[in-house]
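Just one chain follows, in the form predicted on its own, and it is written as structure tokens.
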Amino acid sequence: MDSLDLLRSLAIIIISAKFMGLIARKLHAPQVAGEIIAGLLIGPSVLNLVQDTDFIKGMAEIGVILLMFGAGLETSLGDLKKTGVKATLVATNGVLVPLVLGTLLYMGFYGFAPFGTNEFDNAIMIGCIMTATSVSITVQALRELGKLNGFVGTTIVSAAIIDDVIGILVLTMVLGLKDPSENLGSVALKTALFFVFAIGVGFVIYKVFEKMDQRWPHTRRIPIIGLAICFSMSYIAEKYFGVADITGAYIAGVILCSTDDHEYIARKMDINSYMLFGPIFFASIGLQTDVRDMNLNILWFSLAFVAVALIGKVIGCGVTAKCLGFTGEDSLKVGVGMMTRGEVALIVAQKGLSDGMLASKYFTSVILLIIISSIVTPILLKLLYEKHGEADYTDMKHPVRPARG
């Protein structure tokens, strides 16, 4: 792609994403849903105006990193501590249930597969793909609703981050079925070491930022250095610890969320995300979809795959939340909020393809899941919050339901 084609593609993406986002808002749907549809329309499935190039993928990756950095900046450490144990239990069952259901779904369509066969590899990889949660779209929807910092929103974000860590362990275990050299213990150790590293380095960064806030409050160097820390933590997380870069970005935001200038940093980051990187990220989901090659058999499997993947998260996360003391309505919000799949599911699917554990024909099913979950989740969250509100969890044993009005 030459520079002129690049400029043309960026112009089309930004204009179409914002236009469809405005239409979605007029229809009382989240803007992100419109931006995803925009990507579908301008991509290979419909108009074929824009190709999903490596540059677009890189820009989209920056977009999701900035989005997760912003979510970290808006995190309340007090609420995060309060939801920690509950979020871990929600995430654990949110991985286990879809993993089992996905494996059984494949075997239900194609017959029982003995251990060690290619069919068994396909089955377990299908389940593994279902475990992935991409909270970035949920984060944007919750932000639009003003519920990101609520107890339910914090639980969802926390559970999604923990889900990512558990998902890495599951993926490594699944890949180990194909390659015995993969060591689950070493991956678990690297993940634990990353969080130890993040705590140690985070404490130093926080102290440095405290001094900077006192000496140069509300100056441009503050968000610039904050952005550098975001990218650094993203790089270190994936390069040296095998943890997803978005987790590193979120942790960077959490490190800075208690500084005096965290709101100032968040505002500056939001400008970049809103104007350029955010629309490219959400539109890129649609750009990666090409439904022209789908046949009837794959279509039926894909529809079942999507349904089981969505229901699996609602059951695994929502039922767990209910058992932990959330109201029925808020438990459903937790389950729905964990339904979205995005870049993590794509990474898992691509890894399965490259390692010969997933047939290429199922990649369309993954894309369809990402599209549908990305559109349906924010819409359902909006409807649930408008209808039920959120309970007061000051006393977790006796949550106060919101007044109906």
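Treat the numbers as computed from the prediction; the structure is a model and nothing was measured. Numbering starts at 1 and follows the sequence shown.
One more form of this protein exists, namely the form predicted together with a further copy of the same chain; it is left out here, but the text below deals with it.
*Asks:* Check whether residue 384 has any heavy atom within 4.5 Å of a heavy atom of a further copy of the same chain in the predicted complex, and answer yes or no.
*Replies:* Residue-level check for residue 384: no, no contact with a further copy of the same chain.
*Asks:* May I ask you to check whether residue 325 falls inside a 4.5 Å heavy atom distance of a further copy of the same chain in the predicted complex?
*Replies:* Residue 325 lies outside the contact set for a further copy of the same chain.
*Asks:* Going by a heavy atom distance of 4.5 Å, is residue 85 a contact of a further copy of the same chain in the predicted complex?
*Replies:* No, residue 85 is distant from the partner.
*Asks:* State yes or no: in the predicted complex, is some non-hydrogen atom of residue 259 no more than 4.5 angstroms from a non-hydrogen atom of a further copy of the same chain?
*Replies:* Outside the cut-off, so no.
*Asks:* The chain here is shown without a further copy of the same chain. Which stretch in 53 to 61, 363 to 371, 333 to 341, 376 to 384 comes within 4.5 angstroms of it in the predicted complex, by heavy atom distance?
*Replies:* Of the options given, it is 53 to 61.
*Asks:* Find the only residue in 169, 271, 192, 304 having a heavy atom within 4.5 Å of a further copy of the same chain in the predicted complex.
*Replies:* The option sitting close enough to the partner is 271.
*Asks:* Considering non-hydrogen atoms and a 4.5 Å limit, which listed residue (298, 89, 227, 205) is close to a further copy of the same chain in the predicted complex?
*Replies:* Partner contact (heavy atom, 4.5 Å) among the options: 227.
*Asks:* Going by heavy atoms, what in 2 to 16 lies within 4.5 angstroms of a further copy of the same chain in the predicted complex?
*Replies:* 3, 4, 6, 7, 8, 10, 11, 14, 15 sit within 4.5 Å of the partner.
*Asks:* Out of closer and farther, which fits the Cα atoms of residue 279 and residue 363 in the predicted complex compared with this form, where the change is 3 Å or more?
*Replies:* The answer is closer, because the C-alphas of residue 279 and residue 363 approach each other in the predicted complex by 3 Å or more.
*Asks:* Quick one: in the predicted complex, is the Cα gap between residue 362 and residue 17 smaller or bigger than here? Answer closer or farther; it shifts by 3 Å or more.
*Replies:* Here the pair is farther apart than in the predicted complex; there, closer.
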